[in-house]
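One chain comes next, on its own, written out as structure tokens in the form predicted on its own.
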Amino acid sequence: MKIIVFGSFNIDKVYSLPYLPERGETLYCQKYEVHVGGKGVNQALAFRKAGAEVIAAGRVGEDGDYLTDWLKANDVNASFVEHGEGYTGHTIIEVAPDGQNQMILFGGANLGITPEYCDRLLDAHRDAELVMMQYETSCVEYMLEASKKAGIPTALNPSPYTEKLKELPYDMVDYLILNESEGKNITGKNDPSDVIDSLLKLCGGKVILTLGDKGSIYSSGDISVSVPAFSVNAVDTTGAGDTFTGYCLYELLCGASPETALKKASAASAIEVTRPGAAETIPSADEVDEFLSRREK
């Protein structure tokens, strides 16, 4: 199964703090680390770990070899990642001991993607079974429309949230996967069932809503399934949503039931948050199966 992950390629700069600072507060950093990151990188690796053939698509700057070399070393096809002038996108991540975090995102090269690049990408991979998108790059709207014209199903993770997300052509989205906060911002609703109902009217496809430690919900209108989250000791929640996204959509595309897909994705993200970092800490499918086997005994 070939999946195109059209997304961001970032260098994560992670600062471990005693707690997340308030406005105007200065804290000493307890540890500093550099990791590969960006929702494109994270989701590409999650799909690959789940079992898909992955085409990573996006743009890096002059300092981007670090990311493309890492993807190739992890068996992700990075041959279509474009190299341009300037800096690769990066994220400043502040992490507290309980795993909660806050981030500052610099778009960099991610914002230089052009429609011409999108057309070349789709022409080269018309046999793909899904184009996965987020909202950390330029040309997301164009890619949605171009993918549908090419007859390739689309998935959208509308993150990070901006007001422009309310204007996207959601009728071109086959799988809409997002968290509770993003759902509330897009729809103006608070109750998860109301959020899902509103999103189904927007996209007409399938909606997967994650609710943090309250679990996750899948709905296609006719079918609605909810699965509780697994209880674990979180160290770093960075990349948890991307891990869930890759595993959940891969399982659905393979024909798994919504309940099975949600449960496997929940297990993958539960493992991921017990480790510091993002893409490097996404578990393998064997690890996920072992985790589920232990929990179901």
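Heads up: residue numbers just count along the shown sequence, starting at 1. Small disclaimer: the values here were computed from a predicted structure and weren't measured.
In what follows, reference is made to the form predicted in complex with alpha-D-ribofuranose, a form of this protein that is not presented.
- The contact with alpha-D-ribofuranose in the predicted bound form, taken as any heavy atom within 4.5 Å, belongs to Met103 out of Ala96, Val225, Met103, Ala124.
- No member of the trio Leu45, Asp236 and Glu280 reaches alpha-D-ribofuranose in the predicted bound form with any non-hydrogen atom inside 4.5 Å.
- Stretch-level contact analysis of 259-267, 22-30, 60-68, 238-246 against alpha-D-ribofuranose in the predicted bound form, using heavy atoms and a 4.5 Å limit, identifies 238-246.
- Using a 4.5 Å cutoff between non-hydrogen atoms, Asn179 does not count as a contact of alpha-D-ribofuranose in the predicted bound form.
- When alpha-D-ribofuranose is considered in the predicted bound form, Glu136 lines it closely, a heavy atom lying within 4.5 Å.
- Not displayed here, alpha-D-ribofuranose is kept clear of Asn77 by more than 4.5 Å at the level of heavy atoms in the predicted bound form.
- Taking the partner from elsewhere, Thr154 is found to have every heavy atom lying beyond 4.5 Å of alpha-D-ribofuranose in the predicted bound form.
- In sequence order, Gly37, Gly38, Lys39, Asn42 are the residues of 33-65 having a heavy atom within 4.5 Å of alpha-D-ribofuranose in the predicted bound form; the partner itself is omitted from this view.
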